[in-house]
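Quick heads-up: it's one chain on its own, the form predicted alone, in structure tokens.
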């Protein structure tokens, strides 16, 4: 009995501890109430960077969620205004108009992205090359217009990433040859996704997904479970060839079914082989995973030019990149990091 009394005494809060206990219970109840009120907030808009932008985030406060979404979409529009070749007033359009005549001072953001693009050109042996635009601008996939073989042959000598002369000290770009053009369509959406994620992280949002077309980056999990991303079948958008559970990663899928038209039994699509000036056709679909969407976006086009086997060699060698590729025959290939044990 005495032991029982002593035990009860031990459990009684000391003088001064009662107030602390009450504060702890109050804070706990507030935290639990906040968690209960938190929810997923989602917004989608079409037409920015010529594609659909989707953002989903977990937030306890609706006003803060709306403000976060506003900031991400404002950033997407800013990048579109700066890097679109369809906008004559954009920074990239200004570069295309004058960089062959003289060095052009550009923003630090554009300089860094061009430097990254050149790095990917070197990694892939020129399979990724933003100067493909010297030929690519002649295609109009909505209008079902393609350049003639003669026009392609005339423009091909200007397709070479080595013609981009970047001066870091002066923050300038110069084209070594007349007729060179650049297009950041193969990397700018990934960059925009990364910028959106950076904004959310700056606001201390820990669970979110930002998507621009085929480029997605995820932070955190989906509240205790991974995000599930499906890779669509190249010939049937209602089917998927794989579903991948993801946490804290980026993923980009490129396919010959995105912007294209068929003519005479040939598919003309937006992924152009820099060596030939024609649509690359060595895979039907390429999905790449890495830490950032800039990296996945830039490297997802490589397989179309090099073919699945050579692309996988590059991805495996890099070590921080994984991929799922669909060949023209419908075979699905994986990098070592995604192979079944």
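Residue numbers count along the first chain shown, from 1. The structure presented is a predicted model; accordingly, all values stated were derived computationally and were not measured.
We do not show the form predicted in complex with a small molecule, though everything after this point is about it.
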The single option of 180, 76, 271, 251 touching the small molecule in the predicted bound form, heavy atom within 4.5 Å: 271
Stretch in contact, per heavy atom within 4.5 angstroms of the small molecule in the predicted bound form, of 68-76, 143-151, 124-132, 201-209: 124-132
4.5 Å heavy atom contact, residue 196 and the small molecule in the predicted bound form: no
Exercise: residue 189 in contact with the small molecule in the predicted bound form, heavy atom 4.5 Å: yes
Non-hydrogen atom contact residue 259 with the small molecule in the predicted bound form at 4.5 angstroms: yes
